[in-house]
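Below, in structure tokens: the form predicted alone, a single chain.
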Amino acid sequence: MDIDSGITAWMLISTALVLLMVPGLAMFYGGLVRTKNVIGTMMHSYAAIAIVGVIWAVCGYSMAFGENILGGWFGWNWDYFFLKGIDSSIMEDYRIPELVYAMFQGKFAIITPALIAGAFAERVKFRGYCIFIALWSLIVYNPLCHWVWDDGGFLYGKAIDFAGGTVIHISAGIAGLVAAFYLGARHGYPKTAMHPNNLVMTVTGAGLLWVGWFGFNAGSSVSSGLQTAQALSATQVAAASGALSWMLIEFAVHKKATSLGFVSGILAGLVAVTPAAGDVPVYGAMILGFIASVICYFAILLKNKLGYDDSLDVFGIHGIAGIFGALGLTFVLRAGSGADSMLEQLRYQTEGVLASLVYSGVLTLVLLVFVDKIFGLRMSPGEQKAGIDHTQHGEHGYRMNNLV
């Protein structure tokens, strides 16, 4: 079979764009923490590239896209082990080298556990974090990916998740919420002021995420045609609508718009459209992005009132917008997409959301307890006061006196 060079070229670009999101996330998170934690926080994102990148090549792709085993809990195919059997394989459905598809999907596997780190920023030991994300990738992400995106999965062809609302954002969001409750608040929170160290870095990181998201969503069409253009357009419009919505809320409430609010709106819109990008028209994407920002804004206000310490609002943005996008897409689907009836599709979407919430939430708690008891996760108050840059890495992000 001949390779389609056009589709292959686009998928190579999309793979690189999704990888770009990881340093974008590192900058986004790194700018939001205090100065003494900036390097350690950025390392959480970069460590995922190394750890999950190797796991995916060894067995992750096999677990996600292999034949059903253990009742369909996950997949397995020895040809995918170390990717040894697909070195010269061409996928019939897409006419691209299977290695390209494996690497594209691998970037999704990398960024998902990296997202979780924002929920427990500034208080986890690096070794414990590395062990946790390795286990989480194996036990949580790979089975979820198999259920939704492999043709043997029980949600495949039912719950619409074009690019990862259920598999990625809901699973990471609920994992972050569970981790925030299990580990408890940062030392001194909420009495001690914990201001971002560098909003310029955060805004730049958000820009990289926005650009990378075109590969994330439009690349998930695994084509270079009409649906690719539809997904790209939906992504752009939803992000812009989310940012505009957040700005309008801040103007109404505070009489000024903040950069942090603007980039939070971008993310809310992007997350909400992710499960829907290839299946909703532009006006549908606009609606999803606009409403997602409103919901996430009030979800973060509720978090502050409840007092739990989801440090960088992983659940408040990724979890909430992911749930809204996965359910909300039902009402703005393009004609011909989804099930025969809206009610039936809503049932499928609800099943997907609940499967991700329950499975990721329960298994995350189990893994947190295991890693914490065996290896240690939470830093001591003294270590937190010194900062994770110094205690966990022996480095400093800035060489200036009296920065905390």
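We number the residues from 1 along the sequence you see. Computed from a prediction, not measured in an experiment: that's the story for all the values here.
The form predicted together with another copy of the chain is left out here; the points below concern that form.
- In terms of contact with another copy of the chain in the predicted bound form, the residue from Leu346, Ala47, Ala339, Leu357 that brings a heavy atom within 4.5 Å is Ala47.
- Out of the listed residues Val353, Met63, Leu368, Ile39, Ile39 is the one that sits within 4.5 Å of another copy of the chain in the predicted bound form by at least one heavy atom.
- Heavy atoms within 4.5 Å of another copy of the chain in the predicted bound form map, among the stretches 320 to 328, 145 to 153, 163 to 171, 194 to 202, onto 194 to 202 alone.
- In the predicted bound form, another copy of the chain lies within 4.5 Å of some heavy atom of Ser224.
- Though the partner is left out of this view, Arg123 does not reach within 4.5 Å of another copy of the chain in the predicted bound form, counting heavy atoms only.
- Although the partner is absent here, Ala57 lies within 4.5 Å of another copy of the chain in the predicted bound form, judged by heavy atoms.
- Taking the partner from elsewhere, Asn77 is found to have every heavy atom lying beyond 4.5 Å of another copy of the chain in the predicted bound form.
- Using a 4.5 angstroms heavy atom cutoff to another copy of the chain in the predicted bound form, all of Ile7, Leu232 and Arg334 count as contacting.
- Residues from 243 to 274 that approach another copy of the chain in the predicted bound form with a non-hydrogen atom closer than or equal to 4.5 Å are Ala243, Leu244, Met247, Phe251, Lys256, Ala257, Thr258, Ser259, Leu260, Phe262, Ile266, in the order they occur in the chain.
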